[in-house]
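Read the single chain below, which is given as structure tokens and is the form predicted alone.
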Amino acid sequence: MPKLASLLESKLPANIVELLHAAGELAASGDAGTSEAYLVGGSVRDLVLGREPKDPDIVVTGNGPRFARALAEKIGGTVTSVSQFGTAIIDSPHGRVDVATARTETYSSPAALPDITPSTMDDDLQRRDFSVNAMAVSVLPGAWGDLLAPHRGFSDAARRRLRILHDASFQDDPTRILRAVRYEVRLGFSMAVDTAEALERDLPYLDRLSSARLLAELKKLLMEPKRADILRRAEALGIIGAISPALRVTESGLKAMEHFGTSAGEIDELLYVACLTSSLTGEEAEAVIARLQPDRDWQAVIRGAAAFRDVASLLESPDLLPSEIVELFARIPVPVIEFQRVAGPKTRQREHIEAFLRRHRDIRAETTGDELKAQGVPSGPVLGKLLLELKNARLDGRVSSREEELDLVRRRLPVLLGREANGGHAGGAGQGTRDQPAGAAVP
């Protein structure tokens, strides 16, 4: 096997090289309960491919958390977390490093979380997902850079081939199905024939994954730089339909993803959720939500496509007031509106979307609720109606200063209080309709 010492020194940042030397010296001393320490997994894969690895992963035989605590003390860092799987995370002046205990994994049933047992480095590599991730490099002073690749990972990396280590790999951990397509596209690999056949055969095992594990993998996919290409590939392989029959990839959604992905700055993942779910009906949205059980923000965006279609025809009206545009968009998440700005038709609808995103959504009344209460407006429905009237008046240009807002309040408050006293049945809410502007004099 080749030595990767030169790659360690040339591809890794100096602070990480220093950290790895410290880890190797600590292991060699025997003071932390182990005599072995390796850089493993994706870090080694990226080194072999000539890519700069991200945060390094170190595996030791024995007790990973104990070694992590000793290493943190040696380099002036802090162990920030320890897991049930014998792993620990160190934050230090040298950077972040993950430390794990070499282990075996057994699965009581397909898609179950593994039962783990501390073991040898060979066993640890055997449990990994793909051969190119089943490589390790020693960081010991006397064996610095020695490569351990018992599963042909080095040759698979050279051939840009993605291969599972055993036939039941996707059954043991179906999240590997999503990882396979991520790695294939990100690294420019091709799946080995037997791996592709096993993936197709084992797609039904995705049903056995918990919502939390499936959602976590989907989030990782959406934050990949080549997310659109990954989703195209996943659709072609049947992965998207296996996640949920209601979920499907559309070319307009993928093109919008590509558009957002070229934008400067960090992109909210909810924009990509809007792209992925842009074609869902209300019923399909509920099916996807039931499968993924995401947080409320994701749920709102997943439901957003159907909500937008409910108002799309109204947005073609040429004479909508700004307040009416804002009202139409009140229940539609901004990422869904952003998607429609990019992917929707170039009609009057697009003009209203542009106006909302660039101007209307940021307009607020100067007068606050606390100021209104100080003026004698009671808390409750009247206060809410007045605040809405003030905002709409600002949007539609009927008031332009705090003084004009307060004048509107003085004129509208007696009317709203009278309606409240009469049970709210004396006409409309007075929110500034075209029939009677909110700023009209009250007789």
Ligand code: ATP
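We number the residues from 1 along the sequence you see. Model, not experiment: these values are computed from the prediction.
Beyond what is shown, the protein has a form predicted together with this ligand; the following relates to that form.
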Using heavy atoms and a 4.5 Å limit, would one call R176 a contact residue for this ligand in the model of the complex? yes
Quick check on G42: any heavy atom within 4.5 Å of this ligand in the model of the complex? yes
Heavy atom to heavy atom, is K220 within 4.5 Å of this ligand in the model of the complex? yes
Even though the partner isn't displayed, in the model of the complex is R410 close enough to this ligand, meaning a heavy atom within 4.5 Å? no
Which single stretch, out of 22 to 30, 54 to 62, 400 to 408, 375 to 383, brings residue heavy atoms within 4.5 Å of this ligand in the model of the complex? 54 to 62
Of these, F260, F356, Y183, F308, which has a heavy atom no more than 4.5 Å from this ligand in the model of the complex? Y183
Looking at R127, R163, R227, H352, which is the one with a non-hydrogen atom within 4.5 Å of this ligand in the model of the complex? R127
